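Take a look at this single chain in structure tokens; it is the form predicted alone.
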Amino acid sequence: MESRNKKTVFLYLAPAIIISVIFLYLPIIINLFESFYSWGALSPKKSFVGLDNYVRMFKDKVFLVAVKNNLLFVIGSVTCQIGISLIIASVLEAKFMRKTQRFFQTVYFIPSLLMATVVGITFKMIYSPSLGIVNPMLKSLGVDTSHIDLLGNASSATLSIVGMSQWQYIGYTVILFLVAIQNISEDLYEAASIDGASPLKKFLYITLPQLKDTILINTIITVTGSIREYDEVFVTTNGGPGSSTETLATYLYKAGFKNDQMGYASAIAFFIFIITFLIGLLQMRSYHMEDNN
């Protein structure tokens, strides 16, 4: 009977396992294999180069710029989509906000429904020194805007795209945190109120511990999404000016499909996979260590 149950379970799991192997694990293995060769999509010849693509990668200045920019996206996204989103969700769940909560939920969530292309084009116009509204606003405050071009200057372009990305996605995590907060038992807050706990202490000692799982999941999604950042950069600057706003994903695309260096692009792709895999693994491991303590 037990053997029959095991066969039944395996029968139901088999389609999902087969699909995962074919469309997830097999492409990763093939990509790793291809990264050891120098080849192009337009050339039938493949030359085995071993680890040369990986050595070249870490000597490539544009690749290092891309890594730095992805790190900026990670820092900005964790700060805004985890930290600020959690604060906003807590405020929206406060009693004095109950009447207007649905309105603000909608206001925060609408940007996450927009296509990245639409958001990119819109902010490209907003940031424009001739057509946008940012420079006129700064000028009205007495700021000299003659040298301000948020997307045209290498020093400000990446940070401007990071800010745009947070505007679009912060509402999504606000809703996730808000739903999680609403599932926390009111008895905990009532008991804390009886003991004279302040709103800050309730947030630190009740809300945060109860949201540990949600924070972990949101952090994994946010960090991995930041490492795979592509759409916003492609639409607004396409990696420019120069290569100052390149990310790993945009540089991978250019290496593979513009420069026809598929072996090098495969190495970059495997690097992205390893980084996202290790980050997820570390976060899960740290969660289990805290759980055991």
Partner chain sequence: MKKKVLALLLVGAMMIGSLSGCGKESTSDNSASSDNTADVTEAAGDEQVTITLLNKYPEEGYVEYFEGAIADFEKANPNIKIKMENVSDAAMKDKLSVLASGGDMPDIYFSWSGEYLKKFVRAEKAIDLTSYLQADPDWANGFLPAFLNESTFDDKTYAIPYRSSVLYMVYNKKVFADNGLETPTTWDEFLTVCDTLKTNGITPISFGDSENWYTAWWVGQLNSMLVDPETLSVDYNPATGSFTDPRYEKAVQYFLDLNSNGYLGENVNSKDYYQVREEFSAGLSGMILDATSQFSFYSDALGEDYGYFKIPTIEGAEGNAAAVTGGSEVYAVSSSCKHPDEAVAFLKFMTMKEQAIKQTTESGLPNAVIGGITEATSDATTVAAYVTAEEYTNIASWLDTAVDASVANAYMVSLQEGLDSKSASEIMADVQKAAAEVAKNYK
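Residue numbers count along the first chain shown, from 1. Worth saying up front: this structure is predicted, and the values here are computed from it rather than measured.
This next part talks about the form predicted in complex with its partner chain, which is not shown.
Student: Is there a heavy atom of E93 lying 4.5 Å or less from a heavy atom of its partner chain in the model of the complex?
Tutor: E93: no contact with its partner chain in the model of the complex.
Student: Even though its partner chain is not shown here, does L131 get within 4.5 Å of it in the model of the complex, heavy atoms only?
Tutor: Output for L131 is yes: heavy atoms within 4.5 Å of its partner chain.
Student: Residue-level contact is defined here as any heavy atom of the residue lying within 4.5 Å of its partner chain in the model of the complex; does K45 satisfy this criterion?
Tutor: Residue-level check for K45: yes, a contact with its partner chain.
Student: With the partner left out here, check for me: in the model of the complex, does some heavy atom of K258 sit within 4.5 Å of its partner chain?
Tutor: Result yes; K258 sits at the interface with its partner chain in the model of the complex.
Student: Let me test this: is every residue among L11, A41 and G240 within 4.5 Å of its partner chain in the model of the complex, going by heavy atom positions?
Tutor: Yes, the whole candidate spot contacts its partner chain.
Student: Let me know the one among Q101, T79, N153, Q210 whose heavy atoms come within 4.5 Å of its partner chain in the model of the complex, would you?
Tutor: Of Q101, T79, N153, Q210, the residue with a heavy atom within 4.5 Å of its partner chain in the model of the complex is N153.
Student: Choose from 136-144, 199-207, 153-161, 70-78 the stretch whose residues reach within 4.5 Å of its partner chain in the model of the complex, heavy atoms counted.
Tutor: Among the listed stretches, the partner-contacting one is 153-161.
Student: For a quick check, can you give me the residues of 71-97 that have a heavy atom within 4.5 Å of its partner chain in the model of the complex?
Tutor: Heavy-atom contacts to its partner chain in the model of the complex: nothing from 71-97.
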